[in-house]
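Just one chain follows, in the form predicted alone, and it is written as structure tokens.
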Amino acid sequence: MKNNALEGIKEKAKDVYNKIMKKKAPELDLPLRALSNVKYDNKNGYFEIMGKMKNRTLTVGTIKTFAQTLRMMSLSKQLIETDDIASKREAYYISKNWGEAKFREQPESDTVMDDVEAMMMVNREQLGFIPEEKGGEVAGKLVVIDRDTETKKELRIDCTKFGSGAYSIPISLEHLKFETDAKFILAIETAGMFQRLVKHKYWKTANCILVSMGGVPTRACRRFIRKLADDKKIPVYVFCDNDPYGHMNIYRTLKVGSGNSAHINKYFCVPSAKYLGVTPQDVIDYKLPTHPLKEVDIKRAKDALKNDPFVQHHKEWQKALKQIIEMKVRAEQQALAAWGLNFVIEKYLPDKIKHPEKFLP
């Protein structure tokens, strides 16, 4: 896959060079990375990019961005050829040696990196760029088969043997293999709830694998869950807060991806995932303490109902989002503690898992 990325960079660079030699304005074509340029096909199960493109032509007004794009491509070529990596933050600081093409702030660097990724139709890891954030944590009935980076010998990592800690998902994971007899994967939004379930060995009681997403799951976390679910043919249940952010930013990103990354969603989403809770109906059924819904939450829910292809496909999500808007409240996972610190382990999760047919799609 890295060779494909390298060849793509060389081809784009050659095209720019040839146009300059012919005294024509060089240009770079990139897919438009936005929700308006994606479609949702329930059969494939993820957001797919459509045909809208944006054109970056070398002009007086675009000369800096054009130069930055070419320099980022050059850096990627160097990383691939030397089998090296650079974090997003390191790439930003490397640009400080690019003269007038340097980035003033990292968001500028990140945007150009995303543009190069979309232009090549590969993920940034294949271009040699890695994220700063952790990949997520795992505990429970799983053995991860990795390899020693020096000796290349097989390493067997038992995720039940971390005591009060957990296995950290690596950034590079395509080589990983798995052994498990778990019944399901439970992906959890908050680190606090994950720690409670680990503390009381819920994975043992329920015969499952626990994965802490820590908010919006990183690419590595999403890829790990997808690979594990596909390889071992086990279901994925998702446990988030009851608010539009938990529903649409965390769960939907895990399941179908995002409009901004539609060119690579097929690698990083988990189409088989189902939403266990917390749902608006749970707030009523379990009489959960709530907080007022913020204006940004209401806007997020209304935008999803109006513009999100995933929501427009699933009437169950339309009903849930309308219900949360009408109720005007949100509820956190930790609100279940109002009925006892271990209510979530002893009552809520067992009750929910008995009826996966009631989970939101």
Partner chain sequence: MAETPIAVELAKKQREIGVAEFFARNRHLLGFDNKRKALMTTIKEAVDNSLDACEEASVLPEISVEVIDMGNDRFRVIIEDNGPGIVKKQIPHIFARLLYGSKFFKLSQSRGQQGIGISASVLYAQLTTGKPAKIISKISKDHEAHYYELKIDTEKNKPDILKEETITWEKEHGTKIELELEGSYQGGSQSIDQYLKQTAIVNPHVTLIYTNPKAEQLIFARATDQLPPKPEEIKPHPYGVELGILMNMLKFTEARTLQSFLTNEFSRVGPGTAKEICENSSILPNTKPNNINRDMAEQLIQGISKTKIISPPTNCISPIGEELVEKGLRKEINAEFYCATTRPPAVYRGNPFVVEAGIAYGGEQSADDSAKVLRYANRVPLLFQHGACAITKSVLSTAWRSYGLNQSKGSLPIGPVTMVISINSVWVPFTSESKEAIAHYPEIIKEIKLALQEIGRKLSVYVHKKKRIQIEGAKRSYIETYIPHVAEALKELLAYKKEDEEKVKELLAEILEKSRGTLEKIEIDNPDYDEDLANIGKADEDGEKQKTLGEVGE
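Computed from a predicted model, the values in this text were never measured in an experiment. Positions refer to the first chain, counted from 1.
Not pictured, yet referred to below: the form predicted together with its partner chain.
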Q.
Would you classify I298 as touching its partner chain in the predicted complex, given a 4.5 Å non-hydrogen atom cut-off?
A. no
Q) Looking at the partner-bound form in the predicted complex, is I63 within 4.5 Å of its partner chain by any heavy atom? A) yes
Q: May I ask you to check whether T59 falls inside a 4.5 Å heavy atom distance of its partner chain in the predicted complex?
A: yes
**Q.** is_contact(A101, its partner chain) in the predicted complex, heavy atom dist at most 4.5 Å
**A.** yes
**Q.** K255, H263, R223, R71 - the one with a heavy atom within 4.5 Å of its partner chain in the predicted complex
**A.** R71
Q.
I need to confirm a contact call. Of I345, I353, A337, V16, which residue comes within 4.5 Å of its partner chain in the predicted complex, counting heavy atoms only?
A. V16
Q: Please state whether all three residues K10, K24 and K77 have a non-hydrogen atom within 4.5 angstroms of its partner chain in the predicted complex.
A: yes
Q) Of the listed stretches (328-336, 63-71, 308-316, 40-48), which one has a non-hydrogen atom within 4.5 Å of its partner chain in the predicted complex? A) 63-71
